[in-house]
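First, one chain by itself in structure tokens, the form predicted on its own.
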């Protein structure tokens, strides 16, 4: 597929998704919102874990900060754009404050350090903020699903664009060298720490934006839930399921992940988490590159079979 044709297909796909509120019912929009939210969340983790090679287990901290700050600002009367920007800035600042010390840790120590920070934030929020935040009567009367869906589409498109840019820019090339071998990166003049900190902050900002969309979406909002480790592990699972360090793996995996999760939850109410975990492990073991690698392998096999015929 040529680059021009690929861009045309992407533009067509975005156009169809943007027109979905005009063509579908509330249940379809709700499903679409969830998929797009998970695409944005997984891509924000993929920027750090896939392209940067830094496996963070504290991603929920930045998602939660974006959600809580955005919702507080919005409900206090600020325009939505200001509220979303404030949530993104809060997550970005937290990314600098958390990333600077934790990125000096290596391997599992970095992962544990980020998880510890996220848990501290979760516990603090659960003790400081009320258990539930609900919309006021005027806000509830004007609630509409379409703008929430379009915001999720924007966040998913922006996160995917950032991931694509990491495959095309000088910074992305330097980051790939750091991911593969920090010693080699330093030897060729690439500052490993600066690249890791920059991508950590970038990932935090994208997670904060995604969290802001989540905070704006819910009628009843539980602040402590926005800091749940589930947001970290769902993003991690989707990224590995689709293919770490790939642009289109997380979007593909997000749709498959949510579909399988809902089907298993309906069919195997008590065992669906265990069954899904086993299926995930089997897929990752069979195709370490994720669904995208599996698709490419199948496509290559069909091409070879066609040539033989």
Partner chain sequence: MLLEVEGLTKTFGGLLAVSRVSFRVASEEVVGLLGPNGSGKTTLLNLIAGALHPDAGQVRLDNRDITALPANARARLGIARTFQLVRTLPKLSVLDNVLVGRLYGRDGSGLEAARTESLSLIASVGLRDKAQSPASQLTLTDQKRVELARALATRPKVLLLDEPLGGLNLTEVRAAVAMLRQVRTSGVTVVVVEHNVQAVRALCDRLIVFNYGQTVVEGGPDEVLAHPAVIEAYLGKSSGSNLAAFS
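Residue numbers count along the first chain shown, from 1. Bear in mind the structure is a predicted one, so any value in this text is a computation, not a measurement.
The following text describes the form predicted together with the partner chain, which does not appear among the structures shown.
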Check 168, 177 and 188: does every one of them have a heavy atom within 4.5 Å of the partner chain in the predicted bound form?
yes
For the chain seen here without its partner, which of 143-151, 169-177, 75-83, 201-209 has a heavy atom within 4.5 Å of the partner chain in the predicted bound form?
169-177
Could you confirm whether residue 71 comes within 4.5 Å of the partner chain in the predicted bound form, counting heavy atoms only?
no
Given that the partner chain is not shown alongside this chain, does residue 181 nevertheless sit within 4.5 Å of it in the predicted bound form, heavy atom to heavy atom?
yes
Consider residue 195 of the chain shown here, and say whether it contacts the partner chain in the predicted bound form, taking contact as heavy atoms within 4.5 Å.
yes
